[in-house]
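Single chain ahead, written as structure tokens, the form predicted on its own.
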């Protein structure tokens, strides 16, 4: 008998449903799946979340920035106040995932983007244990893997996913296979996967090729995929906007800005906002802005009609998927590969593009791009505030600046930018600051 939680196809014209212990990442017709819940959470839970965050030290599930909100992602269908049940089912790195993640004002970033410091918030997800936002979703994905008895988790990675998957797998004592595009991962990220005992599988190709092979491993060799195509990864990543909204006393900002890679963050933010609005927890819907790299601009090209002059939209569940296929065929025919120094978002075929489109439609969102130079400036000015972020995170800062200049974001709008990870490519800031032509460079004295 189906309980409160179940899986459902995102295509409203299909709507196939599966039990919560299914390992499917797609329905039998090839559509992505959502984790769905029958019950509407009581808004009084906001008080419980706040109490857990401030008072309940020593209970790791109350300290966790993911499991503190466990009633809103209770796919295990446990008694959330029963700590023994939490300990049995919920996977946590001693409560550290999301624990230190909250929005901050950064005066130098505000001056750079030319918006009031009171109106700009930046949320560094690099304070997660493995150094990126991935730990939010990995906690929930590995929880589901444990729930269904998986012995091996599998992922493709441009670096941060491999680090997070390896860390959680080591902590839980399960195998972890990581498929990586050879020579395209920052050594600081790759070394983490090795450190945590993951089995590295090098692929002669890019991330998209690695993802294809990892999904084959999961399907045919008894693996459990933990990439963001897994709907349970999305559940944990919903807590990123939860924490931002809670810090803002559940008063929704005008904008939430993310770097755009595989679009798991876009998708999870959209799902969080759809649910919160449906439940009546928020009265206003923030607009999502996705910032692609100019060198990996699939979503921007399709969304803004730069390919065949048609703007790709969710279209109430009827997106023109033929347009996506034609675009990918064009990339193959022209030999175009994603190319950016921001390797975390060097992705040409975003696995969550349809969920991303759904999120953008619900929030009246927009998509734009930033150059490598602009992202490096964004990364560097964050550093000058005493916060650490990787180059892909600099996309959020660069995008906010660009959208303000274009008057898409207004000067009196409240903006939350997500900084998705900390710096793991040691030579990027070294090279940046050794070049005196760079805007924020502080070259060494000779």
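Positions refer to the first chain, counted from 1. If you're wondering where the values come from, they're calculated on a predicted model, not measured in any experiment.
Only in words, not in the display: the form predicted together with a small molecule, which the text now covers.
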(message) Taking a heavy atom within 4.5 Å as contact, would all three of 101, 239 and 417 count as contacting the small molecule in the predicted bound form?
(response) no
(request) Although the small molecule is absent from this view, report whether residue 400 comes within 4.5 Å of it in the predicted bound form, heavy atoms only. (result) no
(message) Is it the case that residue 165, even though its partner is missing from this view, gets within 4.5 Å of the small molecule in the predicted bound form, heavy atoms only?
(response) no
(message) Taking the small molecule as it sits in the predicted bound form, is residue 231 near enough to touch it, meaning that at least one heavy atom pair lies within 4.5 angstroms?
(response) no
(request) Classify residue 160 as contacting or not contacting the small molecule in the predicted bound form by the rule of any non-hydrogen atom within 4.5 angstroms, answering yes or no. (result) yes
(request) Identify which of 347, 169, 245, 109 has a heavy atom within 4.5 Å of the small molecule in the predicted bound form; exactly one of them does. (result) 347
(request) Consider the chain as shown here, without its partner, and state which of 156, 375, 142, 120 has a heavy atom within 4.5 Å of the small molecule in the predicted bound form. (result) 156
(message) Heavy atoms within 4.5 Å of the small molecule in the predicted bound form: which stretch in 20 to 28, 7 to 15, 432 to 440, 419 to 427 meets that?
(response) 419 to 427
